[in-house]
Ligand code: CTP
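Below, in structure tokens: the form predicted alone, a single chain.
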Amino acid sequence: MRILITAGPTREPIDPVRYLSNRSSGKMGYALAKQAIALGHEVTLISGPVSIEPPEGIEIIRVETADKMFDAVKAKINDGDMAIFCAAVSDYRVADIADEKIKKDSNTLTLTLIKNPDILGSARKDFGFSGTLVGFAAETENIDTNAREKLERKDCDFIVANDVSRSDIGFDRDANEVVIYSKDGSATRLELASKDEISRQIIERIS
């Protein structure tokens, strides 16, 4: 099977030295790529800026901003049978990026933010992807409700949800615990384990 995976954060520039981002380390997405290769699949990994070496045997495309990730996914998604959107894409970007470093001249700084393109939400209606579509939901509350709503709204086959309010799993941790929600209404919990082990179970279950 040919699998497209997105991983890591995006960075949205404010000026030449500052940017907006999030706490994603890319560990989960890279673990998914590693396990997919180990299970015999072909993998294209579209990665935001991370400090992780990619597994051997994959095609890797490195991007920085949400716009660039959108373009890379659009170009590659229909080459695959499955797409797993694990990247933590910034929801907003700065409307006007400063050409020079912004000086600390006042006690406040106001930035106007505009919404980034919805990559997962574009997979079906804009990119025309007809394969297996898997999204991730990093939640801090109402995980079941939010994950099921996202699954329907984004027209996914599966949503993998985890509670990022916990200090032992999620962002920048080596372990995770997730629930896989399916469009048939079922939910499967994968108990606390390393991200490699969780990734192996995810790939096996959804493929």
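Note that this is a predicted model, so its numbers are computed, not measured. Quick note: we count residues from 1 along the sequence shown, nothing fancier.
Same protein, other form: the form predicted together with the named molecule, not shown, and the subject of what follows.
Partner contacts here mean any heavy atom within 4.5 Å of the named molecule in the predicted complex, and among 145-153, 38-46, 167-175, 23-31 they occur only in 145-153. Among heavy atoms of P117, some come within 4.5 Å of the named molecule in the predicted complex. Interface membership of D126, defined by any non-hydrogen atom within 4.5 Å of the named molecule in the predicted complex, is ruled out. None of the heavy atoms of I77 is located within 4.5 Å of the named molecule in the predicted complex. Proximity of V89 to the named molecule in the predicted complex falls within the 4.5 Å heavy atom cutoff. With the partner omitted from this view, the residue of A138, V63, I58, I180 that lies near the named molecule in the predicted complex is A138 [heavy atom within 4.5 Å]. For the partner-free chain shown, nothing in 158-194 comes within 4.5 angstroms of the named molecule in the predicted complex, judged by any non-hydrogen atom.
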